[in-house]
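In the block that follows, a single chain appears as structure tokens, in the form predicted alone.
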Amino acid sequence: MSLPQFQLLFAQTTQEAVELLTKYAGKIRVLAGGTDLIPSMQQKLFEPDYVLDIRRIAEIGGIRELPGSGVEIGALTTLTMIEHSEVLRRRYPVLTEAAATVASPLLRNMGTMGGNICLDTRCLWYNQSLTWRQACGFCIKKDGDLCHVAPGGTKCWAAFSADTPAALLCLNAELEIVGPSGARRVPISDFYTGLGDNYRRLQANELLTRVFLPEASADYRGVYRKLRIRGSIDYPLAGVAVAVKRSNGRCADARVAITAVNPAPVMVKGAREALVGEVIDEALAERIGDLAAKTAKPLTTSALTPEYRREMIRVFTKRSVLAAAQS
């Protein structure tokens, strides 16, 4: 499949990038690693008049420790850098575990932290060629008014299918977003809308620039588990992130988040309350797995059945909670 015609633009600074995004709002797409954008353009899901290459903006790359405040990660930091960062492995291991599962080494070398956070939602009927989608009458998310997942429904149920945002939820991460009026910081939990077709709160003239991991979230024991058909390349069909802090053999704090089974990555309600103050054993871990399964809302948006994906959320959550408690 060939790419549509477009004009390639370059930005050297964040300000220049925002100016171009503002000038061509609605007709431009951002290129960082390109691992999701390019295939989507080949499928004619996106046909922008302009593509903005931001890879030359040095100020939004790299990992920096902020003494007493945590860690700052530039949006252009590659997933390979996240995976192999010594400070992140030591202090925020749930994030490095999640980054290590993304696609394959080649794609992690190209894919970026910001790109993974902003990854488009996916669906069995949406992520297809133009010819395939045309034959199905298109869908709510692109060019049509039908929902093939929930026939007759008016909501898009495309699933959010990135790995690292579930880990970032467990770490209470904040995002820096820069627009024409300046920079703003938002909790990652407020970044996603829960809608498959309008899934993130990022305006057309805004750019995600940095991720902040607070000092208060450091030194939790972290685990990430992922379901996919193939051991590499594939997007998650179910993902579980767990971060646990222990004291005197009991759970002092805990956070559990899931991805790929809802239109947004979400925290598992009631998990923290059930874990704090308790000795984590198999029965308690199974209870948390049940809570995660209730939180998951998988529909027929992939090759695996919703029932199987929900059950694997239950299994992976139980295993992840036990692994985090024993690590």
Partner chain sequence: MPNDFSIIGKPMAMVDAAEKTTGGGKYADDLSLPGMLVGKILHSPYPHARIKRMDTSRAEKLNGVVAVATGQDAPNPYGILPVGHDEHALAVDKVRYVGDNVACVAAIDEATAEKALRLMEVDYEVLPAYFDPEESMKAQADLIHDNKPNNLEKDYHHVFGDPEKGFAEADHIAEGRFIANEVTHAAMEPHSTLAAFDIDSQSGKPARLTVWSSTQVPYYLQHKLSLVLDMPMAQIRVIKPLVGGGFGGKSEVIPLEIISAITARKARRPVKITYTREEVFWAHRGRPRTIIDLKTGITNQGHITAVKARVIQDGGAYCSYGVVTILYSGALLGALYDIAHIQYDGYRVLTNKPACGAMRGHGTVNVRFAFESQLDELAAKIGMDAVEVRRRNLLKPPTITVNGLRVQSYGLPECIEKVAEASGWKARKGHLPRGRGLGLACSHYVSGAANSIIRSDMPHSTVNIKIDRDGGVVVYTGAAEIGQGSDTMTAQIAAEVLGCSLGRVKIFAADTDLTPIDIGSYSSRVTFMAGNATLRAAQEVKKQIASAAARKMNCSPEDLVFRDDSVRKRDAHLETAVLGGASQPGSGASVAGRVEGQILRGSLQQKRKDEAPKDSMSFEEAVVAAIDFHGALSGTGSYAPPLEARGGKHKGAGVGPSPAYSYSAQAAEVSVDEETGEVAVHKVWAAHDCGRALNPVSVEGQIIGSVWMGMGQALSEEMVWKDGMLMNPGLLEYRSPSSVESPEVEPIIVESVDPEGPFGAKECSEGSLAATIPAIANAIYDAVGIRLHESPFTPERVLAALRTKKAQKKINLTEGIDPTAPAGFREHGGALWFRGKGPKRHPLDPSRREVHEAARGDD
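Positions refer to the first chain, counted from 1. Remember, it's a predicted structure, so these values are computed and weren't measured experimentally.
Just so it is clear, the following notes concern the form predicted in complex with the partner chain, a form of the same protein that is not shown.
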State yes or no: in the predicted complex, is some non-hydrogen atom of Thr295 no more than 4.5 angstroms from a non-hydrogen atom of the partner chain? no
Could you confirm whether Leu124 comes within 4.5 Å of the partner chain in the predicted complex, counting heavy atoms only? yes
Does at least one non-hydrogen atom of Val18 fall within 4.5 angstroms of the partner chain in the predicted complex? no
Given that the partner is absent here, does Arg89 sit within 4.5 Å of the partner chain in the predicted complex, heavy atoms only? no
Contact assignment for the partner chain in the predicted complex, among Ser232, Ser247, Asn109, Thr193, heavy atom within 4.5 Å: Ser232
So if I measure heavy atom distances to the partner chain in the predicted complex, which of the stretches 224-232, 209-217, 81-89, 183-191 falls within 4.5 Å? 224-232
Checking a candidate spot here: are Ser2, Gly137 and Asp145 all in contact with the partner chain in the predicted complex (at least one heavy atom each within 4.5 Å)? yes
What are the residues of 98-132, in order along the chain, with a heavy atom within 4.5 Å of the partner chain in the predicted complex? Arg122, Leu124, Trp125, Gln128, Ser129, Leu130, Thr131, Trp132
